[in-house]
Structure formats: structure tokens, C-alpha cells
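Next up: just one chain, as C-alpha cells, the form predicted on its own.
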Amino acid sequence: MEELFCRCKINLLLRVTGRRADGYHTLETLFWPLESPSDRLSADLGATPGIVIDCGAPALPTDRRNLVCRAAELYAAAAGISPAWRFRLEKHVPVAAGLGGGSADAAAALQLLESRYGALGRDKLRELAVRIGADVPFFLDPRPAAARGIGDELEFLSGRLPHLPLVLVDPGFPVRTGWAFGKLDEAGQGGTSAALPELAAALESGDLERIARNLGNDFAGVLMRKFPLLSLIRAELMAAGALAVELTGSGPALFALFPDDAAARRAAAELAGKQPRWTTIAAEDGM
């Protein structure tokens, strides 16, 4: 049995810059990987014929709608392999929260299969990743990166990057990506004045207050109008001492940047005690 931990991500910045003829939206974003929470994907690559997904998360399908299954099907077709694979997915990343859990799981499936068979190589693996979803290529090599295009044109950040003391809050309900983009289209794209160069420079400086001033997410206005609970969570985190609070991805999970790890841990513990129905954790960014 082979296994991988599947790191999730936050988007320190997310701007929707347009929409292509094929329906995909173009973006400017900055991916920041997290060590935790993370899923764990294990694979028995000598099982009975077919592709089977075992997962204890009731909200997650185990058929072709699951991105692990999609990744395995694409790999088998590209490599000319008749699959006899059984995957077990241990979910810890909230589903449809904007943290990229499904994309990370799909990338892990591709990596497990390529590690066993070595049939495709890096470039072909990346082509398959793009076909699964725009975030999946990032998770093949999850390092801090600026991204453009549909999120697949990656430019990894270089130099010494700061550790970010973070708290994640998942309010406990999903927001589907397609729905969020549709609502953003209805409202008119745009919303944040933050931009990649300023955020990249802030990260290079290591100044947490400067970083906080340069976070942004175009989905924030749309989602907070639709779900007032998100504004309440933001207010709770700011009252607990956060430098800034922002949505990640198309939401509804929020992340808060704190002055230091001790402040982040205190705030996470206090909020978890006050609101046990929310999932609140002091995240680990691994920097």
C-alpha cells in the first residue's frame, strides 16, 4: 500500500480578470500551500480490475465525480494500462471550502500512479492535471506561486519567504465553484484593488502588516452578501487580534493572518470554544 499526504492551499490573492470563449475564467492569484489540514491518499495498485474509491466522508462521491477517480481514469488511458486500483481517501480538508482539497487529492493520485509506473513523465502528467482542474497542476509541486491564465500558468516565488501565522475557519457549508463564478459574473467581475506585484513584494519584505494590507479576493463581496455568517466570522477573527481576514478560493473558508503563532493559537482555541459548529484550526504553512 502506497500513500501520500495531500496538502491544501489558501489564495492570498484572487482576482478574476476575464472569461474565455470556452467558459473558463482567467485569474491572477497567489497560491500558498499549507501543511495542515491535509488529506491522506493510499493506493493498492494490485487490486481487482477497475478503479475503486473508498472514502468515509459522506459528502464526497466515490464514483466518477470524485477527482481521484477522474485522475486515475485519465492516467490509465494515457499510459495504456488496464487499471486494477483501489484508493482509500482519508478526508481532513473540508469539501468545497475553497482550500483545494479535491485538486490536491487528484494530484496525489497522479503522483502515486506515476511513481509506480513511470509511464508519462512530468510534462504529460501536467497536461492531465490541467484537464482535471485548474488548481491541480499547482498540487503536483505545492510551493508558493503566482498563477495566471486559468490558474495553471505558475511562477514559483523565490528567495526567503516568511512563515505566516494563520487561522482557518470553515463555517460548515459548501460553496460550489461554478455557482460562485456565476454569481461573480452576475455582479460584474472585480472588487479587490490588490495586485500580485505588491503582494509579492510584501512577502519578500517579511512584514506581516504589509502583507495583510495586500491580501484580497474578488469573491468576498459576493459571498459575504449571500452568506452574512461569513461577515460575522470575519468580525470575530478581527476582534481576536487578526491583522487581516480573507476568503480563500471561491470560499466559504476564511483565513486570518495574526502577528505571531501564539496569537493565532489563542484565537483558534477561543473561537473553537465559542462556536463549536465551525471548524477552526491554527494552520501550518510549512514555511
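Numbering starts at 1 and runs along the sequence shown. For clarity, every value in this text was computed on a predicted model and none was experimentally measured.
The form predicted in complex with adenosine-5'-triphosphate exists for this protein as well; it is not shown, and the discussion that follows is about that form.
Chemist: Heavy atom within 4.5 Å of adenosine-5'-triphosphate in the predicted bound form: which of A107, L99, V169, A72 fits that? Just give me the one.
Modeler: Only one listed residue qualifies here, and that residue is L99.
Chemist: Using a 4.5 Å heavy atom cut-off, indicate which stretch of 145-153, 202-210, 90-98, 115-123 touches adenosine-5'-triphosphate in the predicted bound form.
Modeler: The contacting stretch is 90-98.
Chemist: Suppose contact means a heavy atom within 4.5 Å; in the predicted bound form, does that hold for all of P61, S103 and D135 with adenosine-5'-triphosphate?
Modeler: Spot residues vs adenosine-5'-triphosphate: full contact, yes.
Chemist: May I ask you to state whether L67 is within 4.5 Å of adenosine-5'-triphosphate in the predicted bound form, using heavy atom distances?
Modeler: Contact with adenosine-5'-triphosphate, yes.
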